[in-house]
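Just one chain is shown here, as structure tokens, and it is the form predicted alone.
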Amino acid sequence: MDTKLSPAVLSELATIVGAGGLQTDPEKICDYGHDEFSLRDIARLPEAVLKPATTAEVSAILKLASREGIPVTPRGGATGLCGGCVPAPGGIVLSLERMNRVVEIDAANQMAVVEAGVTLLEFYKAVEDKGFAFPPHPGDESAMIGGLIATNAGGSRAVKYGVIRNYVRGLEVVLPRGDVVALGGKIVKNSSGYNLLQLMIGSEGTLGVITRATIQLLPGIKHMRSLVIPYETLEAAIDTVPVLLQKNLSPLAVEFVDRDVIRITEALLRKRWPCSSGTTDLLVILDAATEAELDRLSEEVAAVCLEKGAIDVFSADTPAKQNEVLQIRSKIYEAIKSETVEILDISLPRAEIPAHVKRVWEIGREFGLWLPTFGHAADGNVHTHIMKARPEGAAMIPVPESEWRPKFEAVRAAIYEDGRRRGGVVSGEHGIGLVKRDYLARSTDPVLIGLMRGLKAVFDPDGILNPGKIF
């Protein structure tokens, strides 16, 4: 589908988006050829970047692209980690960055209406200013709402509050031939035909372009506290999690984290993690309506953890301590990013986490690569980082490319295979994009892949929208 945009087509596109809405200068559009996936092997320069300001402009662009057979790759904040917004066949990158209005915070219905280009940071601020909360916390706050919905982003708080899918009530979507459709709305229940709204969520921009979303809000979170709980072994830490959930303690988040990456992050930020004993920590975040309720929950969590073999329980019970703990946790990826080849996000039944992580360690020893692994203990989403360095105290020592590159594919395949055998899936929150499409095909029933391809053909009969992704 690789095409060259003719001068006549470029002129027509410039008329649609207006001054400043079309860019073709290679120096100005080079950043639109990749996302946050570390290897630039998959990067591809588009022929043009379009920045529409309205849904009508998006519709006109797609009508023209369909007519001319031009591939179109929708793009949000480009914070993805699997090449989902890389313009693999060239063509047009459709950036939603100018569609960045918070249209409405509807207090009566506890819903927000926002355009696709609103960043997560802007959204949080607008919502919190009105006394509401949007509980999901997928990570990078420069991510845009449209992209978060297109990948069904998750985050650590999914255990209590769910993922993005649980909050989307309505979408305005432009279909590949330019039709504009409204799915759902300011309603909570809907049994009126097939649920096309949910189909669009997580479709990675392959079925339509999300231009506006209606999102459910919750009352503001009143009080939060972080508990850092060290264990001698990963197994003991993970074994604690089902007990916490069975006792209905409803933690906001439960994460397990490896001590190696904590030391490196401490050095980067020049901050101290609350403890240094043990090999694995649980980070348990609690929220409650009152301080008294938070105290009660903290005591119950501490009692369960100590009974299950925790070395100690450290409470970040002041805003300063809380911020320090959360900052260290949130910056782990930044601390190791420069030496990370790829982050896997396998999702497993949570009881399978210890055995899977042990197998990852075995794979690391077999291939001589460092594979730090941590993630969301209470929802089973495990993040293994395939590294091109080895840890040495609080530092990372680079490994030559000639050493890690020949092993990379085999390591990745072995980890995915172990996840599959344990009832897992290749992605819990990052999506498939370009990077994982072969592994999706290997681990998914061919009948299901056929159904997905059939849906793609119905929505996008000309095959112009984000081609080459997922399949």
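All residue numbers refer to positions in the sequence shown, first residue = 1. In this text the structure is predicted, and so the values were computed from the model without any measurement.
Although not depicted, the form predicted together with a small molecule is the subject of the following passage.
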Please determine, with the chain shown alone, which of 176-184, 285-293, 363-371, 131-139 has non-hydrogen atoms within 4.5 Å of the small molecule in the predicted bound form.
-> 131-139
Among 76, 71, 251, 380, just one has a heavy atom within 4.5 Å of the small molecule in the predicted bound form, namely 76
Answer key, the small molecule contact in the predicted bound form at 4.5 Å (heavy atoms) among 328, 144, 229, 353: the residue is 144
Verify the contact flag for residue 208: yes if a non-hydrogen atom of it lies within 4.5 Å of a non-hydrogen atom of the small molecule in the predicted bound form, no if not.
-> yes
Heavy atoms within 4.5 Å of the small molecule in the predicted bound form: does residue 213 have any?
-> no
Report whether the minimum heavy atom distance between residue 260 and the small molecule in the predicted bound form is within 4.5 Å.
-> no
Does residue 80 make contact with the small molecule in the predicted bound form, using a 4.5 Å heavy atom cut-off?
-> yes
